[in-house]
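Shown here is one chain on its own, the form predicted on its own, set out as structure tokens.
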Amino acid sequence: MEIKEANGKLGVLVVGIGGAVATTMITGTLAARKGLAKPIGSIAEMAKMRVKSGEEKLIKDIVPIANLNDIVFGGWDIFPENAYNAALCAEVLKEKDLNAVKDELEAIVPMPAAFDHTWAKRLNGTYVKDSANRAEMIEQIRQDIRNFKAANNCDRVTVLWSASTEIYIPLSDEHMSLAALEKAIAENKTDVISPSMCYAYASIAEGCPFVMGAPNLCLDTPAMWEFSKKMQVPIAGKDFKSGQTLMKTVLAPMFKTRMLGVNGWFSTNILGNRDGAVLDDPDNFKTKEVSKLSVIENIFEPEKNPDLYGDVYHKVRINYYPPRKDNKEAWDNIDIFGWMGYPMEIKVNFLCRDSILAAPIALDLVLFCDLAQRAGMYGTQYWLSFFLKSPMHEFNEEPVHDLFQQWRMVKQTIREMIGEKEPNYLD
């Protein structure tokens, strides 16, 4: 596989650039390239793997990952504040850390967002595009991408959705083919064509990889798969795997590997910030719930292990609690059983900083999608499931949720890129 070098500037356009995750990712990247912080949590920057020679190397020394110094940030938001003021408002990072890169953050000013209040009723955007219909919305986004690329002398651009979760909608006929999708766009069917779909379509049309960091029905449709393959553009999604679900993809494989049974798994969260406010709406929470519920059933395979997992009661709750802001707290109560059916309990209390966990995931997805495009890979990037809560898969496929299997997929793909085979030992 021939991989083009990461020459020139990489534009990273973020939808929701004023949000907590985006401003945290950007600040950390700017600090890292000034030597003020380490990119802790970034696989692309800090992880090592073994190559054929037996030597362990940083992944970025094995394949040509874009240099952090070559990244130019931009994007869209429903509020006009620059990245510095938005980060102050998010209250994730301390002011002293923001001040260390203040000038660069202040220079990052969002473009007006493509927004439809129907899809996120708890948000009242004041800085939005005046689009008469979905086709016009898409064309405006495409023009933004072209303008940004030219103004910043970027060789490549990747688009990242780091905005809020949209309301839940099921897959419909309009999503089943590219022709049907384009017809729905032309007919301005706003009930089935979401703003995130407009961003995805515009990005793919411009030849830019697109990453879906929320659980929205957006990229995971036959229409978008078809379009990404037609345009030879990588896509990845969906929903950053940062907190509670990350724990599930570690614990559930442990139960299955040890052949321990599970009767029930109750999960609840408290969360503030903009994401918490949006998820307080039942229609938006439904989208997140579907994403979070799919994990353990896939790992447990109850149809193959009915005695252990045939009747697991799985409940997920998210509660909006403004005082907590970005510092999410997640509780899990897991009722398990072992030898002779005797019950046991495991309780997990994870006090996590949501954006601190999500920021390196967002960066890695951008860097790896850029790498994939330079390697001539397009369509759904299954190997990036490691970073995602609800990995995309086509109808005849099963997603992989086990974190350790997902990590193996990352390494396998890296090895394939450089023409090496997977070793015959456990790595």
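Please read these numbers as outputs of a predicted model, since none were measured by experiment. Don't overthink the numbering: it's just position in the shown sequence, from 1.
Not on display, but discussed next: the form predicted together with another copy of the chain.
S.K.: Counting only non-hydrogen atoms and a 4.5 angstroms cut-off, does E56 reach another copy of the chain in the model of the complex?
M.R.: Yes - in the model of the complex, heavy atoms of E56 and another copy of the chain come within 4.5 Å of each other.
S.K.: Should L363 be counted as a contact of another copy of the chain in the model of the complex, where contact means heavy atoms within 4.5 Å?
M.R.: Flag for L363 set to yes.
S.K.: Examine M254 and determine whether its closest non-hydrogen atom to another copy of the chain in the model of the complex is within 4.5 angstroms.
M.R.: Yes, contact at 4.5 Å.
S.K.: If we define contact as a non-hydrogen atom of the residue within 4.5 angstroms of the partner, is K238 a contact of another copy of the chain in the model of the complex?
M.R.: Although another copy of the chain is absent here, K238 would stay clear of it in the model of the complex, with no heavy atoms inside 4.5 Å.
S.K.: Select, from the options 204-212, 264-272, 141-149, 124-132, the stretch whose residues sit within 4.5 angstroms of another copy of the chain in the model of the complex by heavy atom distance.
M.R.: Answer to the contact question: 264-272.
S.K.: Between K189, K102, R324, K286, only one gets a heavy atom within 4.5 angstroms of another copy of the chain in the model of the complex; which residue is that?
M.R.: The residue from K189, K102, R324, K286 that makes the contact is R324.
S.K.: Of A120, L219, V92, I78, which one comes within 4.5 Å of another copy of the chain in the model of the complex, counting heavy atoms only?
M.R.: For this set of options, the contacting one is V92.
S.K.: So which residues in 324-342, when you check another copy of the chain in the model of the complex, have a heavy atom no farther than 4.5 Å from it?
M.R.: Contacts from 324-342: R324, E329, W331, N333, D335, I336, F337, G338, W339, M340, G341, Y342.
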